[in-house]
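First come two forms of one protein chain, each written alone as structure tokens, so that there is a structure 1 and a structure 2.
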Structure 1
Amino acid sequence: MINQTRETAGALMADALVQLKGIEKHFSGKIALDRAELALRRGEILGLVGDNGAGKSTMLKIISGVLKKDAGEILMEGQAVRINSPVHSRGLGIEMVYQDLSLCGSLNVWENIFLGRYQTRSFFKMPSPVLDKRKMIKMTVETMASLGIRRLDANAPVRNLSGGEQQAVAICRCLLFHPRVILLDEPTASMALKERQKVLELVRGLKERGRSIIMVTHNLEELFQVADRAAVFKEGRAIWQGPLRGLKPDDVARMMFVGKA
């Protein structure tokens, strides 16, 4: 299986939008990633799965610039790039939605979406610009509508929203940067079934709009609902990458915990 995985990964490199080769990361002497490899195609949803501590979230944080790799290479469209911070990652068209969402409950929807990047306008002869609230609300409503979200009030306090609605806000926030690649870390964690399905619909909608997505998940049923391919991580390595066609959740689970199909 591992030999087949390497051949499959090699075939992917020709049309990979993002490619990671030989990535290593250590924390206080402990190996988190051990020559890990990953390839994301244009316009696909790649599910990233593995047991706790397999290195999934660490890999996302390296792609997003939150963590620096200790070794290895990152390529975008075949060109080597250096990602040392979230600013660098964002400049390459990469956005990440974290598991904790990083939202401020006391602020409303549009304020969370524009937090730290408020839109301003000049006002008569005032020496400094003022917040353009009307523009930000309009952009919030348009962004949500582009994902099929039409019943969420842009002025609603985030703390009053359901888990699925908060996830929608976090996704809309990252879309303001018009990313090509979106990283999702456990987007349906701790949600009821109905809420999870709404979030999965959002993920499908992102793909339909041309985004390439890496989604970390522990829920294999959801993986098969939305992902085109999967990468299985075990003990810091990608032990398998390939299409899900012809597989069942039990097949993926076996690779996650046993290390082979």
Structure 2
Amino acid sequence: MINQTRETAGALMADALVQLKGIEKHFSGKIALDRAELALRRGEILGLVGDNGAGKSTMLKIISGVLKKDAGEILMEGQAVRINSPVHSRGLGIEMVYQDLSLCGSLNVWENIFLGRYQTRSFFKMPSPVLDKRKMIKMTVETMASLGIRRLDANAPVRNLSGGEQQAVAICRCLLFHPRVILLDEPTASMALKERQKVLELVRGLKERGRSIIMVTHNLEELFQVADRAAVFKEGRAIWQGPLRGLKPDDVARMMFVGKA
């Protein structure tokens, strides 16, 4: 299986949509990523698993531009890209749902969803900084409905929502702008079983519509439900990457904790 890593990595070069090579990241002397590799193919769901502190979130944050890598490179469709801020990654069609959701509790649902890229009105065909609230509320309600959430007041402060509802808002926010690459950092963490299934269905639906997705999860059952391939992180490195077909959750668990197959 270790061999397979090398094989798949080689084969991936050709059709990887996003590829990370030799990524290093230090936090004040402590190493969080140690020459980590990762490749995401077009139209797949890649599951990212690993112990707490293995570097999964750090890896995604480097792709989304929140953190700057110390070394390594990021390729998109084979071209080296520079991602120095969240604005860059958004420009490349990359969206991320953060593990902490990154919502503003005192802002309401639509304000959170459109944060940083508001719909504004134009007057006499001139653009203006004036918000088009009606449009944003309408889009919010529609997108939330597509997630199966219909009873939510778009004007309610996010602080007053349940954990699952907040998670839905964060997911809704990443879908609205039709990204090509979606990074989900434990998107179902605080959801009840039913909501969780809904999100997993949604993730599969996104894949069907051609989106490419990296999803971090601690739930191996969930991993096998949605992911096509997986990458196992341990101590800042991807120790295994490959298709899940033919594997059992136990195999993955063994790699996570023992460090080999």
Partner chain sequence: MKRFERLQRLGLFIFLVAMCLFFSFMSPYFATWENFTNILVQSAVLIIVGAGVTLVIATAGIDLSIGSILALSSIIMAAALKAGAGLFAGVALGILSGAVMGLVNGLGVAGLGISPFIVTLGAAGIYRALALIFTDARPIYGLPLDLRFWGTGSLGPFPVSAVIAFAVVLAASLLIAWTRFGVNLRAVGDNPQGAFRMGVPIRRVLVWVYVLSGAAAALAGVVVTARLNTAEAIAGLGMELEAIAAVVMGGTSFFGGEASISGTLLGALIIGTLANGLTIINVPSYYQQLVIGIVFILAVLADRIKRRESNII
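Quantities reported herein were computed from a predicted structural model and do not represent experimental measurements. Residue numbering: sequential along structure 1, first residue numbered 1. Rigid core: the largest C-alpha set superposing within 1.5 Å between the two forms.
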Out of structure 1 and structure 2, where do we see the form predicted alone? 1
Is P86 part of the same rigid unit as L206 when the chain is modelled as two bodies moving between structure 1 and structure 2? yes
Rotation (degrees) of the lesser rigid unit against the larger between structure 1 and structure 2: 19
Angstrom shift of the Cα atom of L147 between structure 1 and structure 2 (superposition on rigid core): 5.9
